[in-house]
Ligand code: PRT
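Form predicted on its own, single chain, as structure tokens, below.
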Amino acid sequence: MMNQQLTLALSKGRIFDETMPLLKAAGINVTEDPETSRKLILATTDPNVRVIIVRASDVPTYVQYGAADFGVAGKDVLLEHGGEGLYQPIDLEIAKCRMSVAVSDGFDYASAVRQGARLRVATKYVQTAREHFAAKGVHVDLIKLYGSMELAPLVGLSDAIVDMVSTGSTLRANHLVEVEHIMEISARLVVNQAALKLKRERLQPILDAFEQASKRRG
């Protein structure tokens, strides 16, 4: 008989915390806290389900290649990844925030965009930023950064940033302002397509429980 062990890929922090109630709705509890445990593979109260802790941007890759059967990833991550080989059945309505363009307080963004000058934009989300500015007909030089986006305009690395914004407090603390809203972001459930076929009997009840729990939240 085929191995019916299921592996769920999660990233630490908000996505992990907000997925826990959904897992609980499926009758599954994770037995260790990733913030205090050094383990990257966590057991659950269901012997057939384990959780692996990976970097947020790696969740789709683990699922795509079958190292995880399913995972939870932000729409931002999925847009950058492209979603190849992934089934995305449910918007879980968790880890909500927005993708925005921000500039230093006092920078005349409207004029810069209107003049048709090349704008230098720092971001981790190169694909999303490229599509956004291309749709507006604005020429941009994209600078890929992996963190601390807010620093880029302050030290002259870029004119603007494209980043995730939750409360906006980090922007305000660094004298940046949101000048454009690109899209709302929330976390999605992603499923390996082969696992969906081969392990459907085991996987489907968990997917259904996630969907019901996320609807109740919504």
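Numbering starts at 1 and runs along the sequence shown. All values derive from a computational prediction rather than experimental measurement.
What follows is about the form predicted in complex with the named molecule, which we do not show.
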Should residue 96 be counted as a contact of the named molecule in the predicted bound form, where contact means heavy atoms within 4.5 Å? yes
Partner proximity in the predicted bound form: residue 69 to the named molecule, non-hydrogen atom cutoff 4.5 Å: no
Residue 77 near the named molecule in the predicted bound form, any heavy atom under 4.5 Å? yes
Looking in the predicted bound form, any heavy atom of residue 30 within 4.5 Å of the named molecule? no
Single option in 120, 130, 124, 81 placed near the named molecule in the predicted bound form, where near means a heavy atom within 4.5 Å: 124
Quick check on this chain: which one of 152, 191, 51, 56 has a heavy atom within 4.5 Å of the named molecule in the predicted bound form? 56
Want to guess which of 32-40, 168-176, 152-160, 59-67 is within 4.5 Å of the named molecule in the predicted bound form, heavy atoms only? 168-176
Output the sequence-ordered list of residues from 13-37 with at least one heavy atom within 4.5 Å of the named molecule in the predicted bound form. 14, 15
